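One chain comes next, on its own, written as structure tokens: the form predicted alone.
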Amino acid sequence: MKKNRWIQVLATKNEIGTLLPLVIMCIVVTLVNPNFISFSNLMDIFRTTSFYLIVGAALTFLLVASDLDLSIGAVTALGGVACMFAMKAGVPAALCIVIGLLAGAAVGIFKAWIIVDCELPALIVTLGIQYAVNGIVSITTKGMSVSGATEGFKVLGQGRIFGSVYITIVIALVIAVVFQLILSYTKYGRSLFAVGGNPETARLAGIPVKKRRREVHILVSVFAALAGILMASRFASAQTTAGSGTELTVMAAVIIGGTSMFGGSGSVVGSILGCLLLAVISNGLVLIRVDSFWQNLIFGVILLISVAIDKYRQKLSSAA
């Protein structure tokens, strides 16, 4: 009886369910290869996490509102390519970043219109948009990377503060903190939980359900484009495959972090832990010399376990 109670406590504490495997993974990899806890390696892990988290924080809002998006990877590539094309044409770096963000926003507005106003399923729509946007990126770039980054622009993705902390890590942390505060302490955050929990009840309570759904869809696309811009800055060029596979990786990280794929619950803190866990797994497998092909298997198993735990939480909530 006591054992069952502990299982229920762990299952309902979203962040604990992610923190425990994260700690265990760190201990195991450190025992096998002590280089894991070297400062330079930890900075690399945090840097990888930062790109996941920039998109993951916005995706948390979307999943909380009971929606999903499989076009993240394509929009990430689009943001970087649009930014670099503008920079190659001699446009000032600050305006290039705005252009990249607007490209993401345009996709987000179109996506939101089809899903929310035309009432078509998000899964099919975002999958179709992913193919379409990837096609646009490939056609305009002819499958080649777009170079021409200025030295000032490179600082955004390659620069460090205090001599060792990458700027992208700071950007991701600021975004995560702001998003968590909005989700936990504002009327807007509460309205997202209401929309995801029961949209009809939320509508009767005066919450503009469709407007909220449009906003979070646009938000995800804008931050996916931002991630693409930062990647372009990091590599000094926009890669057409920059966001390839990130849609499932980031979604897995957010769900692993305890955000329900059924809507109505979640936190950015959990998403931070989920993104960190996947980054640690990727890094740790390399350090202990496990074949990279095992990563997909491990990610898949973790995602399936997370979905099962999520479903178990739903049952506990219904029984309460």
Partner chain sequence: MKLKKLIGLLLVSALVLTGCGSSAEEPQATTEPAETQENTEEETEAPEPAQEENAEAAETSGESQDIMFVSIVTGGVAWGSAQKGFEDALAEIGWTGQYVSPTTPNDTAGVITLLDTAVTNKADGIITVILDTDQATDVLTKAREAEIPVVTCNTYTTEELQDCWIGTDPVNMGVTQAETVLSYLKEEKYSSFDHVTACYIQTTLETETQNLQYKAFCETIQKEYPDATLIQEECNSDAAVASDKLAALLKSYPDLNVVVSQDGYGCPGIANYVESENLSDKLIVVGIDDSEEILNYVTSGALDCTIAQDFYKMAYESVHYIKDIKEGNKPAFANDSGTIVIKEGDVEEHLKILEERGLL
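Small disclaimer: the values here were computed from a predicted structure and weren't measured. Positions refer to the first chain, counted from 1.
Beyond what is shown, the protein has a form predicted in complex with the partner chain; the following relates to that form.
Of the residues 106, 132, 248, 165, just one reaches the partner chain in the predicted complex with a heavy atom at 4.5 Å or closer; this is 132. Remark: residue 145 counts among the residues lining the partner chain in the predicted complex, judged by a heavy atom distance of 4.5 Å or less.
Looking at residue 241, you'd find a heavy atom of it within 4.5 angstroms of the partner chain in the predicted complex. In the predicted complex, the partner chain sits within 4.5 Å of a heavy atom belonging to residue 124.
Residue contact with the partner chain in the predicted complex: residue 158 places a heavy atom within 4.5 Å of it. Looking at the partner chain in the predicted complex, residues 73, 150 and 267 place no heavy atom within 4.5 Å of it. Checking 251-259, 268-276, 34-42, 55-63 against the partner chain in the predicted complex, the stretch whose residues place heavy atoms within 4.5 Å of it is 34-42. In the predicted complex, the residues of 102-127 lying within 4.5 Å of the partner chain by at least one heavy atom are, in order, 110, 113, 114, 117, 118, 119, 120, 124, 125.
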